[in-house]
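In the structure tokens that follow, the same protein chain appears in two forms, which are kept apart as structure 1 and structure 2.
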Structure 1
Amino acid sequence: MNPKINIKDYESVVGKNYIEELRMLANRLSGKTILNINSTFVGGGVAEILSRLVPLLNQLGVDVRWQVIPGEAQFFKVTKKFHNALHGKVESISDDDFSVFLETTAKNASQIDFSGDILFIHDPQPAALITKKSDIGKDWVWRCHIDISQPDNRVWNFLKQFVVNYDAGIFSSPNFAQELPIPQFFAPPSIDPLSEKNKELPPEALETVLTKYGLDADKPLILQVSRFDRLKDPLGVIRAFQLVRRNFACQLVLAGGTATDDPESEEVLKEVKERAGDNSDIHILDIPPGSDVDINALQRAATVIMQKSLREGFALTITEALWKAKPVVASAVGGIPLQVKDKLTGLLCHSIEGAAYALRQILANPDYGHWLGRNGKEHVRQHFLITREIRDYMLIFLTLGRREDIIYL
């Protein structure tokens, strides 16, 4: 449990009334135990959100617990392939892989203590534990954090036979979902405004990070924070920057990391460095995982934040940027249009030239940039903070078994 997290601190961010409403909903859940099950306590977005969501719900008085499924390396190799295939990537998956998945699930199903009233199962790895429902009953909810709208059908059809037995499914965006014969809810991801990545920082922290990475405090800074992945289009970002740099003195920072589970990232980083050449206004930063305060400070020091991805998940980098009241220029892909309402909470782009045009608009008119940023921050406050995700989950838990009371919009 994280002793630093205190639900009361969120009153200053979303208002006392909002937290009171959460307490009221939590009250209605009294007597119910909710058991989260996922595949890891650390690393990745799901563990990150659970590590804050669970203590916050506990503080609200909800009996929420968290368990992780055990598994051999072979099982996680298979689930990683399933993950990629569900994202539409071509993977070679053998009958043995399906057997490994089922065998581990059967073993886990016999060992896990399923005490609780609502079983809240995250992502595909533990999804087949639902086979236990015929023995033990209870309400089962499947929380899908990934985009499964264009999956490899073999893997999806395999998984679907389990998913259809859940009492409800929760997806991050309507366009990430699948047709299913069970009630489906839409709950976008969220960020924690008080985490190291997003908390307010003193001006010295920004100065420190600018010095640390050799950046010019007096030049407008264009930033993209992303893993070095072709789908994040770092070369497109460099091209857009070069077009803009002809008319504006500015600097570009591509801040990212090379994931150990992504063999391509080293190669992409090399290409990016080559393309940047000896341009002293382009800074390629290979930032180690866990450097949350550095990322926070870079985002806060930026003039404009880009996310020129070719494909995206929800794009938490955009949520983080908007929360820092930054104007953003981002491609209209994945979850970005949910966050960037064009010309209101940021600028959407559809090409390199479009990105350059949008950057120029913001650099030429800082007031316009500040206005977009302020709107973006309010949009995140209303829709994409952890308090909203907690509220959504509690409402969904309360509706279980009461389908007739749900108003579908």
Structure 2
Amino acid sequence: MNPKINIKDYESVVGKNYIEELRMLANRLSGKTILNINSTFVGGGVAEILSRLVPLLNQLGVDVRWQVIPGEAQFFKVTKKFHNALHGKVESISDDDFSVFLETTAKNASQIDFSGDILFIHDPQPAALITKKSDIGKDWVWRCHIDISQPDNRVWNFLKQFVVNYDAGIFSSPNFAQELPIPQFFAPPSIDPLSEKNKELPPEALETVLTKYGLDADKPLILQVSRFDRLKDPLGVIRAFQLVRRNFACQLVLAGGTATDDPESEEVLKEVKERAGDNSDIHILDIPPGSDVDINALQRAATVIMQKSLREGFALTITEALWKAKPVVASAVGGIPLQVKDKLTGLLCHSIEGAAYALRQILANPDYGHWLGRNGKEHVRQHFLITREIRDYMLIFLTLGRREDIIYL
């Protein structure tokens, strides 16, 4: 367990009574073991959430464990195409791709130690492990972190044959789900306000990071933090910046990294660098895992933070930005409108030109940007902190197998 994580420290953020409620729920789960399974320990929002959630639940007295499925490069190439197709993107998926998925799943199912009373399976990559249920029993929960409201039907129908065998499904938004014959729950993702990525930083830490990356502390900074993925539309961000730069002297930072389960990211990074060219005001930062303080400092130093995704699950980068009281310009897709209430906690856009217009509004009216940022931080405090996600999951675990006494969230 990470010794730096202490559940008592969260009393200063959410109050002592909230933490006591979490302890009460944890006591009711005494004797149960929850095993999380996903596809990577680093990179992406799922791994980030689990790296904080698992030790906090253990501190509360719940036996929570975490395993990752292995796979060859071809498997993750296939699951990346599945991911895109489930978001509604057109992908060329062959029968061989489905075979690769099933073959890797069968291999993993024979090697994984399924020691747990509740198997908590995250996203499509390990979803077919449910085939072990007929052999080992136990309670199985599928946590879908992506928006599958308008999927490619061929991929969804393939995945659905496994999902329907789970005891429950959890989605980040009611709008993300499909009709299923199993109980479904709504539990948005969250951020940890005390993590290295979200805690308060002294001014000298911001200065150090700006110097490290060659950024001008006196020039307005537009920032997008995302892995290098076409669905995050980094090329569209560059185009919006170019439109804004006609009116305002500013700089753009695209900060991200790669994930072990995303084989496209290196190719996208190359495309982004080529589009940026030799423009000295566009900074492409390939930031390695574990650079949370750098990301935190960049977000706190930013004038405006963007998330111009074409498709999106929830976008924890927006949650992070709002928590730092930053004005946000973001696409009205996926779970983003749950966080960005247009003209209240940020500005929503529907195009490159719309993004540029919103950026100009904030750059021209700093007081308006500060007002949006303050509203956004309070919105996150009320709805999107990790203590609330822990509470949601424990309540869901307590409902499993108890159809006569369901707790509706």
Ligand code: UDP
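Reference numbering: structure 1, starting with residue 1. No experiment lies behind these values; they were computed from the predicted model shown.
- Shown as structure 2 is the form predicted on its own, with the alternative form given as structure 1.
- Of the two rigid parts that account for the rearrangement between structures 1 and 2, one contains Ser309 and the other contains Phe162.
- A two-part rigid-body description fits the chain between structures 1 and 2; in it the smaller part is rotated by 19 degrees against the larger.
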